[in-house]
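First, one chain by itself in structure tokens, the form predicted on its own.
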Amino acid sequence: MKILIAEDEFSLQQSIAIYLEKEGNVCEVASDFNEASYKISLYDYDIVILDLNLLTGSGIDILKQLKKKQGANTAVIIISANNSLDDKLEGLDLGADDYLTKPFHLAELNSRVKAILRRQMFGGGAIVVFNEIKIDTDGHVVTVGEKEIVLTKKEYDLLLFFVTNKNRVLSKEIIAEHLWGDNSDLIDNFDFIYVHVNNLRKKLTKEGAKYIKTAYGSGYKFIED
């Protein structure tokens, strides 16, 4: 999933990003309040990992900004050295999904990220089913009917993005931003998205590919046939 890490301690920020990227996520970082505020105003994220004590501002104000953003469905995990009950209650009352006190193990943070994604996107389970298509999000295994389909990492991420955004037109820009994060700003054109979609259609065979529709002039839409 696409995750923003708003943390001003560089070593911790990078450790979190590296760990979560190894788990298959796309991670972006913000090192102070202004950068975090700018990014959440411009982009959508599945999860924001938010330090309360950011340079140049408060993480609480970032949380308030996120919750006011129209159409946003971003989960928030607060990470903070503050262990007081009042701080925890304030963050949770404002809409944060979880609160983790520093120092913490990266494996625990990863488990909490997975738990939130299962609750919000997959109905609490690790298996996503759409008609003939079944996606095991823990094992990264995809089957169509009873046949296992071997996908590249980007093809897998693209399929999961389609399924969790069914009936919504996804532009090439949105797809690129989701799959490549900050690096999508360096891309001159989005022709390669067509290549990834075409390869995914071929691997899904007729049974699975029929759900990926081209929205001409806009992008793609994953819908019931």
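Quick caveat: nothing in here was measured; it's all calculated off a predicted structure. When you see a residue number, it is the position in the sequence shown, counting from 1.
Another form, the form predicted in complex with the DNA, is not on view; read the next lines as being about it.
- Looking at Tyr220, you'd find a heavy atom of it within 4.5 angstroms of the DNA in the predicted complex.
- Within 4.5 Å of some heavy atom of the DNA in the predicted complex lies at least one heavy atom of Arg201.
- Mapping the unseen interface onto this chain, Lys153 counts among the residues with a heavy atom inside 4.5 Å of the DNA in the predicted complex.
- Although the partner is absent here, Thr214 lies within 4.5 Å of the DNA in the predicted complex, judged by heavy atoms.
- Within 4.5 Å of the DNA in the predicted complex, a heavy atom is found for not a single one of Lys39, Tyr43 and Lys69.
- For the DNA in the predicted complex, the listed stretch (24-32, 57-65, 153-161, 44-52) containing residues with heavy atoms inside 4.5 Å is 153-161.
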